[in-house]
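Only one chain is given next, in structure tokens, and it is the form predicted alone.
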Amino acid sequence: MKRSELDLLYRSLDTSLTPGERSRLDAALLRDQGLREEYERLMHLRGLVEGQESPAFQAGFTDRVMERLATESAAGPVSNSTAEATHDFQTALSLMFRRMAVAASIAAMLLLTYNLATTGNVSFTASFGLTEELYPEDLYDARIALETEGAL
């Protein structure tokens, strides 16, 4: 089964083919058993779809919806559970981050105190546990870091 013949078959189901295309498709259907089986399968599927009853709303659906809308709007504003859930989540999230900020601040102060106490030196480098004077751009240079460790 050639791809061009299969494309003709699919197009024949959706649109009209020119007489030349129609004769090419008919000749291909006579010649190719696989193409014929695909055509029969597609025609069977089309019959199943066309035979189905289209879904419809029950009688009076529109009237019931409009009546319910009128009843609910007369009763006043309805509580929005989604808005409440979002507010509860935001409150819990901000409370959690406040607790984390306090814990992180305490941990940073303990680390700073430990570094200053173990080095005996009160300086910027000692407070952050740096053993020698390094500039921030030096911290990102792999060559300098390796030279510092004696690997180069």
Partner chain sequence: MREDALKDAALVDAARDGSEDAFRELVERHKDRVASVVIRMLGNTADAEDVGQETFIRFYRGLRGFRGQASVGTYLTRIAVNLAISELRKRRRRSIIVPLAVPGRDRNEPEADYADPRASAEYDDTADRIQQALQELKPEFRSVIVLRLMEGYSTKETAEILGIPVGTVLSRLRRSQEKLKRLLLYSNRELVHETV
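Positions refer to the first chain, counted from 1. Here the structure is a predicted model, which means the values were calculated and not measured. Superpose the two forms; the largest set of C-alphas matching within 1.5 Å is the rigid core.
The same protein also has a form predicted together with the partner chain, omitted here; what follows describes it.
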Options 113 to 121, 99 to 107, 65 to 73, 24 to 32; stretch whose heavy atom lies within 4.5 Å of the partner chain in the predicted bound form: 65 to 73
Interface membership of Leu95, the partner chain in the predicted bound form, 4.5 Å heavy atom rule: no
Contact flag, Thr15 vs the partner chain in the predicted bound form, heavy atom cut 4.5 Å: yes
Heavy atom of Glu147 within 4.5 Å of the partner chain in the predicted bound form: no
is_contact(Glu40, the partner chain) in the predicted bound form, heavy atom dist at most 4.5 Å: yes
In the predicted bound form, residues of 44 to 70 near the partner chain [heavy atom within 4.5 Å]: His44, Leu45, Arg46, Leu48, Val49, Glu50, Gly51, Gln52, Glu53, Ser54, Pro55, Ala56, Phe57, Gln58, Ala59, Phe61, Thr62, Asp63, Arg64, Val65, Met66, Arg68, Leu69
Core fit, then Leu69 C-alpha moves 2 Å or more between this form and the one not shown: yes
Did Arg41 shift 2 Å or more between this form and the one not shown, C-alpha, core superposed: no
Leu95 C-alpha moves between this form and the one not shown by 2 Å or more, core aligned: yes
